[in-house]
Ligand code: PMT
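Have a look below at one chain only, the form predicted alone, in structure tokens format.
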């Protein structure tokens, strides 16, 4: 691996936000897409740190893995990894991070009792990609940093993808409709569109998540050379 190899920091999988010691809020993400990106980047000779939520996938060869549970843990570890990077770094935020968490986590298991309902108060979790983007804008990182986001939506993701691209200051974003057959969570394939900072877009056919990961890594490295 050459001294000029780019570094990749990739987030993957879901986060868990606990209500009590045995219950949590989460989502169906398996981490396949993020692990595929980490694998593809390592195959290209890049140094890769994979910040993984609770998933059961093996660590790709040549990848440094950091396991986390909550959104706040994922933010902390991702920022640490990007802060440690030097030279060229690509941050790829594939994780399906919980937008909300319980305002408090009970110390003991919550009991049903005689109540027929329960009110759960939620508070916002950090937006990890926005946080990294803002730190980049303030010059907080040593590395020349490129930001790649994901817009996983139900239905046409174009509008939301372009909003995220603009508001979070991304270099490009990978958009897909998770409700479409063969796309989204817990399947080995995906269909995506790349929306670029310069206004262009690249529409891709259905392909394996590993092949899509190769396209993402190639595009990130291609943009880095401009």
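Numbering follows the first chain given and starts at 1. Values in this document were obtained by computation on a predicted structure and should not be read as measured data.
Below: the form predicted in complex with this ligand, not depicted.
Exactly one of the stretches 136-144, 151-159, 102-110, 80-88 approaches this ligand in the predicted bound form with heavy atoms within 4.5 Å, and it is 151-159. Each of 128, 176 and 184 is positioned with at least one heavy atom within 4.5 Å of this ligand in the predicted bound form. Contact between residue 209 and this ligand in the predicted bound form is found at the 4.5 Å heavy atom cutoff. Put simply, residue 60 is far from this ligand in the predicted bound form: not one heavy atom of it is within 4.5 Å. Contact between residue 33 and this ligand in the predicted bound form is found at the 4.5 Å heavy atom cutoff.
Of the heavy atoms in residue 47, none are within 4.5 Å of this ligand in the predicted bound form. Looking at 69-98, the residues that come within 4.5 Å of this ligand in the predicted bound form, counting any heavy atom, are 93, 94, 95, 96, 97, 98.
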